[in-house]
Ligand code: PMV
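Below you will find one chain, with nothing else, as C-alpha cells; this is the form predicted alone, and questions on how it binds or moves follow later.
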Amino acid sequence: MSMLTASAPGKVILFGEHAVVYGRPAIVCAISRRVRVTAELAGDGVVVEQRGVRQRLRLGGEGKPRGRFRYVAAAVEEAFREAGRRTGVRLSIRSELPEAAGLGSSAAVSVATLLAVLRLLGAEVSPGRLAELGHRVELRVQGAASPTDTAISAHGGMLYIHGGGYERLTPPELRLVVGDTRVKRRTADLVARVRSLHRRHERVVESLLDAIGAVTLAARGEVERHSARRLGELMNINHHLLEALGVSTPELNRLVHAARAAGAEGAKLTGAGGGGCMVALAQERHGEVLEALSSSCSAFSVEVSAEGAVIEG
C-alpha cells in the first residue's frame, strides 16, 4: 500500500490529573474528536503538511526535536527504528483538537503518525506497543511525560491509571461538553508549579493528593454502577481540590460554574489547568449546558470513543 490514513482520538481526564504524577490513580477517556495523518511513500526525505504549512523534516539530530512538527519528527524516527528500515514519506495532518488545551493533541498526533508510518512500511503493531512507542516520543520531546495520554489514544475507551499501569473500564453512556478558554499553557509549567507547592507545604499538598486519589477511586465505583449523578458530584469535588492546588484559573472557574448553573451533573477543569479546557457531564440538560458555554467560549459536545488508533478506510 503506497498511501493510507491513520487516526487517533484525543482525551479528557475525568479524575486525577496532577495527583497521578504522585502515584495516585486517574480516570481518562478517549473522545470523539481525532487527529488524522495521511502517509504516502515519496522519493526521499520526510515532508509534512498541515493547514497550508509545508516543511521538510530534519531527522537524526541530537537532543530534543524542536519546531512546530517536533512530535511528528520524533514519531517518524521511532517508527523507522521499530520497523528496522527507512523510506521517503509525505505526511498530511488534519486535527479536530485544539492545541495546548489539555485534550491530548500531541499524544494523538504522535500515535497516529506512528501507526501510519509503521503500516506504510508493512509493520504490524498492537495497541499496547503503540502506546509504548508514543510514550517514547513524548519523553523525547518533553523530557518527562506521563504514559496516560498515549495509552488512551492508542487503546480508546476509558482507562483507570494506577501504579504505573492501566486497566480498561466499561464506561456508561456519558454526554460530555467541553469548553475551551483558548488560553494556551504548557503542562510542564503547571506540573512544576504543583511540585514547588509540594516542596513548600508537603503535608498539606499530600493531603490534597490523597483526597483526589480517594475521589478517583470512588468515581471508579460509580462508573461501574453507571451512576451519572454521583459521578458528576465527584467531578465537582475534584475540581475544587484542583483549585486548592492552584491550577485552576478565573476563566476555567467561570465556565465550570456556568455549566453547573445550566444543569450539568458535574464540571471540572481537564488536563493540567492554567488555561486550556474544562469538561461538563450533561446527561439530562445537554443542550442547555452546551448553549450556556457556547455563549462565552468555544464549546462542543463529545462522546467517549470506544475506538483507539485505527487505519481508516
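As the structure is a computational prediction, the values presented were derived from the model and not from experiment. Start at 1 and count along the sequence shown; that's the residue number.
The next section is about a form of this same protein that is not shown, the form predicted together with the ligand.
> Every residue in 6, 93 and 95 with a non-hydrogen atom within 4.5 Å of the ligand in the predicted bound form?
Replying inline: Looking in the predicted bound form, the three residues 6, 93 and 95 all stay beyond 4.5 Å of the ligand (heavy atoms).
>> If contact means a heavy atom within 4.5 Å, which one of 185-193, 112-120, 164-172, 200-208 is the stretch that engages the ligand in the predicted bound form?
In response: Looking at the other structure, the answer is 185-193.
>> Please determine whether residue 290 contacts the ligand in the predicted bound form, using a 4.5 Å cut-off between heavy atoms.
In response: Looking in the predicted bound form, residue contacts with the ligand do not include residue 290, since no heavy atom lies within 4.5 Å.
> Is there a heavy atom of residue 297 no more than 4.5 Å from a heavy atom of the ligand in the predicted bound form?
Replying inline: No, residue 297 stays farther than 4.5 Å from the ligand in the predicted bound form.
>> With the partner left out here, check for me: in the predicted bound form, does some heavy atom of residue 146 sit within 4.5 Å of the ligand?
In response: Yes.
> Just to confirm, residue 13 within 4.5 Å of the ligand in the predicted bound form by heavy atoms?
Replying inline: Close contact exists here: in the predicted bound form, residue 13 approaches the ligand to within 4.5 Å, heavy atoms only.
> What is the one choice in 46, 29, 258, 272 with a heavy atom within 4.5 Å of the ligand in the predicted bound form?
Replying inline: When the ligand is considered in the predicted bound form, the option within 4.5 Å is 272.
> Even though the chain is shown alone, can you say which residues of 7-46 have a heavy atom within 4.5 Å of the ligand in the predicted bound form?
Replying inline: Residues within 4.5 Å: 11, 13, 17, 18, 20, 21.
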